[in-house]
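Next up: a single chain in structure tokens, the form predicted on its own.
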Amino acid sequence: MKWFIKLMMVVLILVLTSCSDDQYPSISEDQNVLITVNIKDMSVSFINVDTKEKIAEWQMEKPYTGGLILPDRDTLLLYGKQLDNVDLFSLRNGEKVSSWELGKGIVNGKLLKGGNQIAFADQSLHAVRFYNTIGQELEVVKTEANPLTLFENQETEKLYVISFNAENLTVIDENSTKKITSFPIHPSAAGAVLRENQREIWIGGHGEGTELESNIHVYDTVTGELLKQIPAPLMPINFQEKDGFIYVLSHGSNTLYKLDSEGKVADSTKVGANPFEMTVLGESLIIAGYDSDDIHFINADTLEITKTVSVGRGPFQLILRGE
């Protein structure tokens, strides 16, 4: 009987060891890749952006919702609001290499200028938490309830924080990691683009209750004054600026708007199904269709879709590793 118990213990140890040492397909260091974090099937897809082909897909064991690439170009950091840990993976080796115990509540992360610090939006602590790239916490800055959107002015080294459940924008000095100002904004705000030379912040949102957001709100970066509203129905939640144009993704109407600097519509097109995420790569925009389980490469000049690539189910965030 004792030998049987010992045998079962050895089997259990082997099973646990194999579960903790998952091996994923390797991602070559010399490839420029687009990574999608897919939340419906808990997967991570990898697309070679030069060939525009999917090259690998990792089936994960945790419900990650977002991530970022560290400056070494090899470490993929993944987080999720319901997870106790932030996990780090080597793309080259296809395996998890470390975990940072931050606790539940992490909904966003941003690698700041210089690549030495990461800002995490923590909805459990209602704070932005600053970490270095080896997992040491540097500072915790309290914000309004449920911080969500993070965007940075790299020239002035200021971090802007939008709290989804509070009608307020917080500005943090990245050097001192101290809150320096805040001003009121519209409810249920999400997504933004900073136009510092024009002293403008364009902010979108989902709307409140049965009132869906149809407008972009433009605020003065110094006074916080609401300068104007720009129609972009429905629910403008993602922004990119390129070559003097502002590209706005409204996921409520599956519409991509191309606006000039004054907010006038230069062009628009339907794209994806329930698109949430957008990024710029060279002369292309890349948009993820959350309900169509694909990504679209779009010519930024003409708004023509040049390539569609299927990924895992529910692509929720896009991460670029490029030149």
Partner chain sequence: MKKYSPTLTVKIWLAITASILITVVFSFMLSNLFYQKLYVENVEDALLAEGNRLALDYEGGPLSDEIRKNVEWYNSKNESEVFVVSNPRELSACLPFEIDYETLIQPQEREQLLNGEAIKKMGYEERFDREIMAVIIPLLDQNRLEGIIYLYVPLAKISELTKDFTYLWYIAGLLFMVISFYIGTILVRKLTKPLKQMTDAANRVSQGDYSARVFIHSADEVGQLASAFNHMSSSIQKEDERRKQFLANVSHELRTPLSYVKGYSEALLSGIAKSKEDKEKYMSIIARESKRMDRLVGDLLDLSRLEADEFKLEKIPLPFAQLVEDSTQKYNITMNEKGVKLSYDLDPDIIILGDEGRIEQVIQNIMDNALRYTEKGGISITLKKFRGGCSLSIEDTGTGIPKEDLDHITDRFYRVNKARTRANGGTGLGLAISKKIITLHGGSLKIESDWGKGTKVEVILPIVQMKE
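Positions refer to the first chain, counted from 1. Everything numeric in this text was worked out from a predicted model, so none of it was measured.
Below: the form predicted in complex with its partner chain, not depicted.
For the candidate set D72, D84, E211, E95, a heavy atom within 4.5 Å of its partner chain in the predicted complex is found for exactly one residue, namely E211. Proximity to its partner chain in the predicted complex, defined as a heavy atom within 4.5 Å, holds among K258, K62, K40, K54 only for K40. Exactly one of the stretches 196 to 204, 239 to 247, 211 to 219, 114 to 122 approaches its partner chain in the predicted complex with heavy atoms within 4.5 Å, and it is 211 to 219. Taken together, I35, L91 and T133 are entirely out of contact with its partner chain in the predicted complex: none brings a heavy atom within 4.5 Å. Though the partner is left out of this view, L227 does not reach within 4.5 Å of its partner chain in the predicted complex, counting heavy atoms only. Though the partner is left out of this view, G252 does reach within 4.5 Å of its partner chain in the predicted complex, counting heavy atoms only.
Among residues of the shown chain, S292 is one whose heavy atoms approach its partner chain to within 4.5 Å in the predicted complex. Its partner chain in the predicted complex is not approached by F297, whose heavy atoms all lie more than 4.5 angstroms from it. Contacts with its partner chain in the predicted complex, taken as any heavy atom within 4.5 Å, map within 255 to 286 to K270, V271, G272, A273, N274, F276.
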